[in-house]
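Here we start with a single chain on its own, the form predicted on its own, put down as structure tokens.
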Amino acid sequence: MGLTGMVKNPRWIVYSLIFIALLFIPRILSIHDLMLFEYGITFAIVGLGFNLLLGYTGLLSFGHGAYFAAGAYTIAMISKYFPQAYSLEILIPAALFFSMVLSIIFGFVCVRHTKIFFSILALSLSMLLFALLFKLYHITGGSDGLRVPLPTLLGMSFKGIRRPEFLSGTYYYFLLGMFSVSFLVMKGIVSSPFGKALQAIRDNEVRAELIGIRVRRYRLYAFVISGMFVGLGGALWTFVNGHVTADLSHWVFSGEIVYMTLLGGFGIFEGPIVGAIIFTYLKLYAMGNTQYWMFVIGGTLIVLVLLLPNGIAGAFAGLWTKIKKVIEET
């Protein structure tokens, strides 16, 4: 998009300013807060992918933790069994590939159904993967999981560097670059004829089929793209966390992905990004201050549904629309 397009669409000016501000985040936040923010960025990529299915296709999945685990375990397994290939330029494509393969297999089963049947199938398949990761102890580490060391990048080794130093330097900018690319790619997808077709399927499946849209095929495409984005988020998350366990594919974690999307608002493109970052801080501070942190999370969800059904970002978008309308009338 050129300068003329940016002027006509001020949203891109805001995006550019936010990106510039994010470049200075490591100089502003402490190491602890920066790591939390990086968790939020990885979950923001996950939210973008999940919302392609929920917000744009109208399919609610309770099993997207499976694709997050696929990306995360790809990194951990390569580290354990193929250490000579443990470099970011190999790891990220590998995580995307295995997430895609798993998404195709699970998606082929799931997209044959809709509504609650789709949700339960997605959850069941995710729990099947959880059982495999949990029981295959000698391969996956079982409940103990696998450790994720620091990778190399374009021949640069970070051996001997502490993880916080790695995360506050090279990796932060790599993560920011991956998030920016993911944001632009997903923005292009939802704005394309393919994205419009998904919205047509969401609004009226029968009408979409009557105008020539291959509904089941388009749902499968959306499912696979969604799974790849979630897998990418899982892969990037592993370097921040340093450890993976089978719990990533559990339905509880999948529920958290749904929660952060609802928190930000699935009716607006930027909603899942806002929800992911807020959820990261909300969960941590809730866990750090009370043993009843799940009560806090659940109470927040109830309040959200009752008072802000469109999510936090959706509420601000609605407020901004009203302000613009008042300004134009005056």
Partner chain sequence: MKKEVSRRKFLKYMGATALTAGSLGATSKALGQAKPIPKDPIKIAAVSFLTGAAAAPFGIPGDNTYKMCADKINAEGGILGRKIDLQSKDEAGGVDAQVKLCRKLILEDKVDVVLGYISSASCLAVLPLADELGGLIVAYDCGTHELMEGAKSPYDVPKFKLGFRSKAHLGIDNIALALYIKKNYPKINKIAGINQDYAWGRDSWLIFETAMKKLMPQVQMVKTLWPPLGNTDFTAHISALMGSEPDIVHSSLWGGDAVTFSKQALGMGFFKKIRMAYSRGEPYPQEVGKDYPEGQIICCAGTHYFLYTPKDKASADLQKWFVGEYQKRYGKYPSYPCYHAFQAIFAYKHSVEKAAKAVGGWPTIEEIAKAMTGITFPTPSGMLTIREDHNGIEDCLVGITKLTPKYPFPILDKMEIFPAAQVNAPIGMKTVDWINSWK
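Being a predicted model, the structure only gives us computed values, none of them experimental. Residue numbers count along the first chain shown, from 1.
What comes next is about the form predicted together with its partner chain, which is not displayed.
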Have a look at 160 to 168, 207 to 215, 173 to 181, 190 to 198 and name the one stretch with heavy atoms inside 4.5 Å of its partner chain in the model of the complex. 160 to 168
Give a yes or no on whether every one of 98, 185 and 278 sits within 4.5 angstroms of its partner chain in the model of the complex by heavy atom. no
With heavy atoms only and a cut-off of 4.5 Å, decide whether residue 143 touches its partner chain in the model of the complex. yes
With the partner left out of view, is residue 268 within 4.5 angstroms of its partner chain in the model of the complex by any non-hydrogen atom? no
When the contact criterion is heavy atoms within 4.5 Å, does residue 248 count as touching its partner chain in the model of the complex? yes
Any non-hydrogen atom of residue 222 within 4.5 angstroms of its partner chain in the model of the complex: no
In sequence order, which positions of 125 to 153 have a non-hydrogen atom within 4.5 Å of its partner chain in the model of the complex? 134, 135, 137, 138, 143, 144, 147
